[in-house]
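Shown here is one chain on its own, the form predicted on its own, set out as structure tokens.
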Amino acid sequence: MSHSISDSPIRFALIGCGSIAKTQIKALLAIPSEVKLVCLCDTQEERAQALAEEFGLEVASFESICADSSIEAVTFCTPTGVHASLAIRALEAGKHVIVEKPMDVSLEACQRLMEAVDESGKLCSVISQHRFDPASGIVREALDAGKLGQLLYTEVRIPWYRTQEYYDSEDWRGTWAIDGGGALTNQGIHTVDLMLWFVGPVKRVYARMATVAHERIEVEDLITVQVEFESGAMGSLLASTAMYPGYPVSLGLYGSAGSALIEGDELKTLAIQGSDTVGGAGANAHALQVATGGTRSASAEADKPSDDKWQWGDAHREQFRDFVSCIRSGNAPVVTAQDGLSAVSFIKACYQSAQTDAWVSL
């Protein structure tokens, strides 16, 4: 049966039924007018079957998904080290693809995927859902409008905690070959992406890393990085899975005319010199405290009821919504394949620096 791409939901398949799959399934099912999730696939068929039964979906093989011309897009929730190889096969079969972060474990694999995207003419995006958080949008608008002036310094902190059981739960976790790295690659990459989106290209990095709190892993659970940006701004980054009991991510931007602080997914402070244009509780001479409460803006929608708070999974939904819109329009998605490559390039430079005890230029 034929259907028009202009008005029918885009038909998706989801590959990989591990820990993030349920978040993606819920996000896709939340926009039925835009997406039809057709089937799930996993190398462990019983795992796929359990999820399929929970959500009333079908299970299919990867080969049959690639061969099914009615499936227009595929989202990959597999271990990082197989993202590119599987996504390339889907692109060659004529599908649009989204891969979970990171894009892949090596620059070579990321570049192969980008070449396949160019050859296929299909869309590719990497899950970097925090760009779609309301707080991120407010900060990006302030930066685009020049409200913070010249950026001087950025501070990124990812003081998370993961148990030994987390690393022991899957044999690929904590490996260079399949996980691609530790705290910075697996947990920190979201905030790395936001940092690059906000501050722009990096000139060079100097990093120190260690494994301090976990056994049977090859990768770092603690890394600190000094960053110099092409713009001249300086920065620092901490990423860890050893900071018991774990604390919210924070990203601070400090400019010549103002500053912004995101903690967790919320905008804690937006301070602009000589300005009271951003509403919010607790404004004082030093800062305007912006209590967004998870609403979409700090002004017009701040009165929404509390049950409309931004929740985990909402940003995934918005990234899928953007992706589907771009399939229809032919526009580039908010998060491009190049953005995915840029985040991996930054992380690889950090690892190279830590291993050589030297500054590494990007």
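Numbering starts at 1 and follows the sequence shown. Note that the structure is predicted; figures quoted are calculated from it, not measured.
Omitted here: the form predicted in complex with a small molecule. The next part is about that form.
Shown without its partner, this chain lists 116, 249, 86, 261 as candidates; in the predicted complex, only 86 has a non-hydrogen atom within 4.5 angstroms of the small molecule. Checking 78, 240, 154, 125 for any heavy atom within 4.5 Å of the small molecule in the predicted complex turns up a single hit: 78. Proximity to the small molecule in the predicted complex, taken as heavy atoms within 4.5 Å, picks out 99 to 107 from the listed stretches 99 to 107, 139 to 147, 216 to 224, 264 to 272. The small molecule in the predicted complex is approached by residue 19, whose closest heavy atom lies within 4.5 angstroms of it. Of the heavy atoms in residue 321, none are within 4.5 Å of the small molecule in the predicted complex. Within this chain, residue 312 lines the site of the small molecule in the predicted complex, having a heavy atom no more than 4.5 Å away.
In the predicted complex, the small molecule sits within 4.5 Å of a heavy atom of residue 41.
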